[in-house]
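For reference, the chain that follows is the form predicted alone, supplied as structure tokens.
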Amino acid sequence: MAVRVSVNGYGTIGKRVADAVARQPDMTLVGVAKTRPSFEAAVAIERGYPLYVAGGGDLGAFRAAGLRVAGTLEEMIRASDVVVDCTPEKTGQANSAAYTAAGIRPIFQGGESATVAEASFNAASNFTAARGKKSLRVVSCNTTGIARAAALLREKYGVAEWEATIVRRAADPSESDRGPINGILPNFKLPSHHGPDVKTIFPDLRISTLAVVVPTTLMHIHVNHVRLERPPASVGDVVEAFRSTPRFHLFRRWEQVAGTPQVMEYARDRGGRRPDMMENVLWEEGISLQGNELRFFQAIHQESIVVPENVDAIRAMFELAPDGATSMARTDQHLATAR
């Protein structure tokens, strides 16, 4: 029987998670919840997703806007097996009490504290350990990107030490109230929170991270320096390892992808409902190896990279797949059919 999934919060992440869940044959989307009318609420109805009113939302406001409402958040939760909380950052913790009272399993996002759930989650890294958990937290976009790369490099070569600088976008494309900024803003919290967040997945990983904010909305860039325990045979060996691993996309030199603008143009050209890049994006010419010192750039599409991870978190929670590789293959297969 398909797992009944509801999505609380239908913004940047929530609407993508809802679309992804709706495409999975072992899951049923019960509905989505929003606190106020918006074009996104109208689109949810157009797509056939039952729309519920969340939190202190005004049912009358939805009706005045001509939006058909299926009920309240509490009613949506009662009809579900799991709720994916995609509400604004720091809201999930406040919602957790309601989920507990309703006896429903929650999945939270990376903007919440790691203490909000039994475990932090990344499909390539700790799927097996997360199987059967009553609550999970899918780590943030940047942590997801590092965790995927760490899962690969730790298994193939071992990782002695990792240093990363996170070049962060200032805002998502729709967040006109957050920018643009005319400057580069260093994050003076040293180290940045990304390294400690990665350690909620890999507690023994020696990693240190810094972050700066730049005036763009497209993607994040990671500048990685990794000291490996076992030197690869060649840089080509590393390139092939990345290329042959699910959820990594490598551009070749002749493709003329100079940076994030061309990455997102590629995403538009390959089609789909949205121009998303759910993979870690790397460049062959942006990978350098000197002995056991590996350096590489990777780009992270903050709007979409965690979406397949939420689907895999549902499978882990309800033990719908024996391992992460199986779940990832199923998720990616059904997401690819949308293109």
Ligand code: NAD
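If you're wondering where the values come from, they're calculated on a predicted model, not measured in any experiment. Note that residue numbering follows the sequence shown and begins at 1.
Omitted from view is the form predicted in complex with the named molecule, to which the following refers.
In the predicted complex, the named molecule sits within 4.5 Å of a heavy atom belonging to residue 86. When the named molecule is considered in the predicted complex, residue 109 lines it closely, a heavy atom lying within 4.5 Å. For residue 141, a non-hydrogen atom is located within 4.5 Å of the named molecule in the predicted complex, even though that partner is not displayed. The named molecule is not drawn, but in the predicted complex it has no heavy atom within 4.5 Å of residue 326.
Stretch 88 to 96 is the contacting one of 158 to 166, 238 to 246, 200 to 208, 88 to 96, since its residues have non-hydrogen atoms within 4.5 Å of the named molecule in the predicted complex. Here the marked residues 81, 104 and 331 all miss the named molecule in the predicted complex; none has a heavy atom within 4.5 angstroms. Shown here without the named molecule, the chain has 54, 55 in 39 to 74 lying with a heavy atom within 4.5 Å of that partner in the predicted complex.
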